[in-house]
Ligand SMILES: NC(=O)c1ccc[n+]([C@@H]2O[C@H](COP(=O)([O-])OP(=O)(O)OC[C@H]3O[C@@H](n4cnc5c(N)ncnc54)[C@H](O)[C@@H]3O)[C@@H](O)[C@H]2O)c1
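Okay, so here's just one chain, in structure tokens, the form predicted alone.
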Amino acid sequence: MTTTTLAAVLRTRGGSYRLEQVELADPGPGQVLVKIAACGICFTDIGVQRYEQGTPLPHVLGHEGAGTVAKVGAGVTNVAPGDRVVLSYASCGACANCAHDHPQYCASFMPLNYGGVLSDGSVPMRGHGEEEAIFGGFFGQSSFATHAIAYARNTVKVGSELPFALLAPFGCGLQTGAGTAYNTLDVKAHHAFAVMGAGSVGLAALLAAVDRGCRTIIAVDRVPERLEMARRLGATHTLLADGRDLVAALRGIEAGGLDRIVDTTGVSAVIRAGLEALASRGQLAMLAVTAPGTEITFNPNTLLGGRALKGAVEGDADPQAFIPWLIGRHLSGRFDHAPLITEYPFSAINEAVADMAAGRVVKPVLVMD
């Protein structure tokens, strides 16, 4: 059997989404059919929409889905029909990293999240009278649609305290930014902290730094409105990226250097400046997926004194544990991400993408109803 669903189909690299009726397969063993109520838009979606990253077309993207379980496949016991859920990234559950509580570094991360097919090799969607294959399974969900097939492993049961529009971004953007601060960098109250790039991921990291009580919290961005939001969220200092000497500007705030930096820009010069602005034993975590061929050059002596350049995926977080924990921080008033979100009707997906790319909004969330 199949479920008829409305999906935003990407047919041309760099093109716009088209809302189309497609047929979605029933969930198989270990799979979950979710009626999507809201889905955040992430810069990863925009990157795959615009640039070739190994995802076949036509494709349904979207990887910050939230909604209600409609059906479950054989062997699924962690959720049941009617449960409210948040969807996150896919992982195999069988490799060494998954077995040691690091599913974000799953050996099958790329094929499971970017390959366009389900883990059993099937194509989940059909269009044009079920004659055309439409690739899905993007990050284990393809939630730019009114229904999505996910897996038990990336379907996280949540409570009824928050609306779906606030829940959806926990699946990736908030988890990535906040998790990098909480988990990868383990920010502390005595740390001087900076985030390069005040988009949704960067501001989620900033919210975590505020929660941990970091003594100095700096936001760097080229959009003044985002810096104003950073100040409202708790930044102690902001720097407009207007061509100034960023190392001197950061050192002007913290002469001894910064203890922890999160970079969300992927810009070589910015990352190099961050490294040079680190204190002894300071750490910089870079999160952005850079364009092919991007290189970062820096003096290796910069790393002397115990400085470290780190990479992180999905905030070093296991969604089954971290997402409920982070929701709890929000409910306790310690991680208020609501100011980041702007809601759009599903039919306005192309407008939402354009607004995000232009910096007019921080975190657009599509509301399916």
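Everything quoted here is computed from the prediction, not taken from an experiment. One rule holds for the numbers: they count along the sequence shown, beginning at 1.
Not pictured, yet referred to below: the form predicted together with the named molecule.
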| item | value |
| --- | --- |
| Non-hydrogen atom within 4.5 angstroms of the named molecule in the model of the complex for each of L33, A150 and D318 | no |
| Candidate from I349, M356, L10, V22 lying within 4.5 Å of the named molecule in the model of the complex - any heavy atom | M356 |
| Heavy atom within 4.5 Å of the named molecule in the model of the complex - the one residue of L309, V313, I327, A70 that qualifies | V313 |
| Candidate stretches 295-303, 171-179, 157-165, 209-217, one within 4.5 Å of the named molecule in the model of the complex by heavy atom | 171-179 |
| In the model of the complex, V289 touching the named molecule (heavy atom, 4.5 Å) | yes |
| Contact of S143 with the named molecule in the model of the complex (heavy atom, 4.5 Å) | no |
| Residue contact check: S200 to the named molecule in the model of the complex, 4.5 Å heavy atom | yes |
| 4.5 Å heavy atom contact, S108 and the named molecule in the model of the complex | no |
| The named molecule in the model of the complex - contacting residues of 248-266, heavy atom within 4.5 Å | T264, T265 |
